[in-house]
Each structure stands twice: as structure tokens, then as C-alpha cells.
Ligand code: AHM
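What follows is one chain in C-alpha cells, specifically the form predicted alone.
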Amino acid sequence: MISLDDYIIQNFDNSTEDEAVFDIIKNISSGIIQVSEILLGNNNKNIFGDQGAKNIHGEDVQKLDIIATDIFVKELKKSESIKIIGCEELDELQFTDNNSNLSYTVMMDPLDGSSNIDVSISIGSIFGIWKHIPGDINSILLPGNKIELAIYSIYGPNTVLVFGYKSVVCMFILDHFNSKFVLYKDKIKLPDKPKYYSVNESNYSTWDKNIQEYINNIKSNLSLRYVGSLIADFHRNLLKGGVFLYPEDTIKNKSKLRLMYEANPLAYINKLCGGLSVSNGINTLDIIPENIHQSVPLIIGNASLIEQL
């Protein structure tokens, strides 16, 4: 079995950029292992339930949200390659003491799907990494097409790490006995024949008529699979083929998913796998962000399905 460290050494060159990216992957993977060990630990009953506070989006903060945030911030600050950290659970950006000429900004959802913890549905972590431009405040809000590296994890029957870098997407599974990730699948591409569509159809009446018509058309050829955990639904469709939809609520004029640390990283990985994503009729990766907590609708999956819109 090829470990994550060995895979990176074998497939990346010795350039300064590759070394910096390797450093970031190493720190994030360390945090993922720590979160996984907490979830599977003997005293994990203490991690369930609300923290008793709300985040900037008005959502109930779970105990594990805080634990995961603390773990990843601590691990990311160990890296000599990271300058700025943005996080769903933190109102403000975190800055490190790193003054390297080559540094990066990390935007993260430390625990995606945390409301599903109590019912043992798969959850995960999502990270988008952009190159930081010293002295340029606008480099904090770059579009997704400027992403250098994207990573997500799944905490389920297995702990999975997927990263997209340059033109390659790879999947690793955690060997819990040795506390290291090993290669499971290399050079992932979306299947040519998609199987599933994933959407909360109970919100049908709140969608734009074009979205309603689209769902009516695709459901005759695809099976509905919807967990309600973004990262779980996305991961299944990436491997099996399909489309995930979280349309805008046209009654409340409100979107749900966060552009910088949910939609963009997943859209980047999906693109490398041959897929496509749109938000309000625009390629998600082309949206110029307004702030780090901006929300957008998201339709993502096989290009052939998205193009039907």
C-alpha cells in the first residue's frame, strides 16, 4: 500500500510550490486523523449535542464544531506555508506569523454536516487553498478558478481524504492501526453514465420554475439519493456519477452553501474530475467573492447533467 507521504514524494517535483503544498496537505491530514480518532474514541459520547451558541450564519454550533475548528487552526498554524485562515465557525480571519514570500490562504469548513452528528450520518471537512499575494488585500477574496489545492474528508464507515491538485484528484483511506492514509484510488474521474440526483425535494415549491422543470426531466433517468450532508452526497456522486442540487429559495431569496469554503473547493475537485458546477447560472468557480462568508446556490456534478440547465 502506498502511503499519502510516499504518493506525494513519488508524484510531485521538488519545486518550492510543491513542497509548500505538501506541507499544507500534511498538516490538514494530521488534523483529519485527530478528528477521526475523537469520533471513534471511547469517550465520544461527550462530543454530541449543541454548544449553546450560534455561528455567524445563525446556525446552532455543535460541540464537535468547536473541537474540529480548534484542531485545524492549531495544525494549520504549524505550517510555514500558511498566512491566512478563514473558517465557517470564526467571524474574523486568523493570521499567522509566517512571512514567507510563498504563502497561502486556507478557507475551511472544519465540520461539514455537523447537525447530522447525533444521528450518525457521515460528516466531513472541506478546505480550499489559494496562493496569498503579500500586500494585496484582494488576494483574500479570489474566485475558485484561482484555487491551488482543495481537500475534503469524510468521517463515515471509513475515514477518507480526497485532494485535488494540478490536474489530479486522489482518494486515500485512513489506516487506523498505523494512523496514516493509504492510497485507495488515483486519478479519479466522474463516471460517463451518472446514476443519481441529490436534492431536498420538499423545497420544490420554493425553487425557480426552471429548476422545477429540470428536476421533473432528470428524475425519469436517475435515482434519488439524498443524505442531507453536503459532503456525503457530493462524495457519493463523485464516485458513482450524478448531480447534487441546493437551489436558491426564491421565496426567502436566500442561499445556503458557503462559496469560499464549501462550494468553491468542491467545484474545483469536481472540475478536475471532468464535472461542472453552476450558481445562479454562472460557473461557480468564476464568481468573484464579496466576503468570506458569502452564500450561493449550488448545482454540481456530471457536466452532461449540468449542461441540460
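Bear in mind that the values here come from a model prediction, so they are computed numbers and not experimental data. Numbering starts at 1 and runs along the sequence shown.
Keep in mind the form predicted together with this ligand is missing from the figure; the text below concerns it.
A residue is said to contact a partner when one of its heavy atoms sits within 4.5 Å of a partner heavy atom; G144 fails this definition for this ligand in the predicted complex, lying far away. Within 4.5 Å of some heavy atom of this ligand in the predicted complex lies at least one heavy atom of L230. The closest heavy atom approach of F244 to this ligand in the predicted complex falls within 4.5 Å. Although the partner is absent from this view, V160 stays clear of this ligand in the predicted complex, with no non-hydrogen atom inside 4.5 angstroms.
Contact with this ligand in the predicted complex, judged by any heavy atom within 4.5 Å, is made by just one of N200, N210, S139, T206: N200. In summary, among the residues I66, L272, L257, I38, the only one with a non-hydrogen atom within 4.5 Å of this ligand in the predicted complex is L257. Contact with this ligand, judged by heavy atoms within 4.5 Å in the predicted complex, is confined among 217 to 225, 180 to 188, 92 to 100, 105 to 113 to 105 to 113. Contact residues in stretch 172 to 190 (any heavy atom within 4.5 Å of this ligand, taken in the predicted complex) are absent; none meets the cut-off.
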